[in-house]
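Okay, so here's just one chain, in structure tokens, the form predicted on its own.
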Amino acid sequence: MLEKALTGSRRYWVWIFFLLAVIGTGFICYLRQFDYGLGITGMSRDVSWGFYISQFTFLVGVAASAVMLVIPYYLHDYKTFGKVVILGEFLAVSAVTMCILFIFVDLGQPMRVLNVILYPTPNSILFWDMIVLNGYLFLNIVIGWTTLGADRKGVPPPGWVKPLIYLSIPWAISIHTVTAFLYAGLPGRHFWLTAVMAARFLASAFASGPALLIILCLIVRKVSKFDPGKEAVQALGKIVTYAMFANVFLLGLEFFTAFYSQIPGHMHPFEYLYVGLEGHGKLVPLMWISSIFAVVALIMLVNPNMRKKESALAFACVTVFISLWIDKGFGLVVGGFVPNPFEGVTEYWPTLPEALITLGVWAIGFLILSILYKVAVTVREETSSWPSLH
């Protein structure tokens, strides 16, 4: 089926070559980082996780959100998701690939990744994060490709794929839970030392992932003959609404705990992010944009009449995605390092090479996504008159 990605319109190839150009630029910057070291990034002794790990953290949630399609469709036989479940699985493949690449570029010396394999340490959360990420990538590739191939032939998927589908459900929850434990298990960082960190991660994941999927479904409908279905898009919109409410509620709990208790270690990171601390406040404008976008999105999503208008729903999903990308894909990681354990403030901002490497990894993800979606959409266009068999 992969040969279907080798044919397409002029617009399709312009998009592919644009992504390749961005990837090439990012790779050149990565070669510079490989030669010079992580000193070309904005990271420092005090802020040792930066843009790369922020993107990894955010994209793990996007990958995990595929479970919000798998559970209704495979466990509850919710036929409405029949056309979009493959899009969710392929989005997960793309997102997990980016996650692995962001860890790779953050290591500085990429050969260090072999240490996790050659010297396994089961008492380390990082070891288990490697296991669950690679396992989830494998599951989604096998499940997505096998079920799509069965659809193309007009036959039910083989029986052996069903156990993998059921296994992928708890596995999806595990990838983001384990990622949350990476943060919540660090006692020296008060900002992350919270029992609701995993719950926050999952709530934000189930909002940002379906929001992106809605945007992708609307784009697919516009550029192809394949229609994921209005009912499926609206159902995803409801998922985004409930998950976004849960995310905002859990964030509110964090604010209450920090400021009602008046514990400085808990308050200072929030102060740095939202009002600035000791004259430092690079992230303040971004965090307020995130908060405003979250409120605007919730107002639009909670109104059924507005949510049913696809143009309004698309705008709300864009604001949800941007809001959570800022909050989780930037503020969460950096905020945990400011101030440091000695109450010193060292600010962080990504450098140009760091930003270009990040764009390069995103471009690789979108290249994979474009190829997989091209295959899936082409197959779906060919079998549009057939009933869904999986």
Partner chain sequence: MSINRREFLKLAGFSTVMGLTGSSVVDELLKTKAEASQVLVDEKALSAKRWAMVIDTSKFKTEEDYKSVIQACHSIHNVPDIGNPKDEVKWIWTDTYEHTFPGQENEYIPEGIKHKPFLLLCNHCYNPPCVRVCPTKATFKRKDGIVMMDQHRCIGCRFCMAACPFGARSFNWRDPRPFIKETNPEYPTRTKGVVEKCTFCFERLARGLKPACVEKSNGGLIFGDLSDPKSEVRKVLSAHYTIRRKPEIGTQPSVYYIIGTGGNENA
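Everything numeric here is computed off the predicted structure, so don't read it as measured data. Positions refer to the first chain, counted from 1.
What comes next is about the form predicted together with the partner chain, which is not displayed.
Asks: Partner absent here, but in the model of the complex, which of 72 to 80, 183 to 191, 298 to 306, 241 to 249 has residues with a heavy atom within 4.5 Å of the partner chain?
Replies: It is the stretch 183 to 191.
Asks: Can you check whether Thr257 is within 4.5 Å of the partner chain in the model of the complex, heavy atom basis?
Replies: Judged by the heavy-atom cut-off of 4.5 Å, Thr257 is well away from the partner chain in the model of the complex.
Asks: Examine Asn115 and determine whether its closest non-hydrogen atom to the partner chain in the model of the complex is within 4.5 angstroms.
Replies: The answer is yes: Asn115 has a heavy atom within 4.5 Å of the partner chain.
Asks: Does at least one non-hydrogen atom of Ser323 fall within 4.5 angstroms of the partner chain in the model of the complex?
Replies: Judged by the heavy-atom cut-off of 4.5 Å, Ser323 is well away from the partner chain in the model of the complex.
Asks: Does the 4.5 Å heavy atom contact test between Trp49 and the partner chain in the model of the complex come out positive?
Replies: It does: once the partner chain is placed as it appears in the model of the complex, Trp49 has a heavy atom within 4.5 Å of it.
Asks: Looking in the model of the complex, is the partner chain within 4.5 angstroms of a heavy atom from every one of Thr7, Phe138 and Ile368?
Replies: Not a single residue of the candidate spot has a heavy atom within 4.5 Å of the partner chain in the model of the complex.
Asks: Exactly one of Leu107, Leu164, Ala150, Ile131 has a non-hydrogen atom within 4.5 Å of the partner chain in the model of the complex; which residue is it?
Replies: That would be Leu107.
Asks: What residues in 264 to 288 sit within 4.5 Å of the partner chain in the model of the complex, counting heavy atoms only?
Replies: Not one residue comes within 4.5 Å of the partner.
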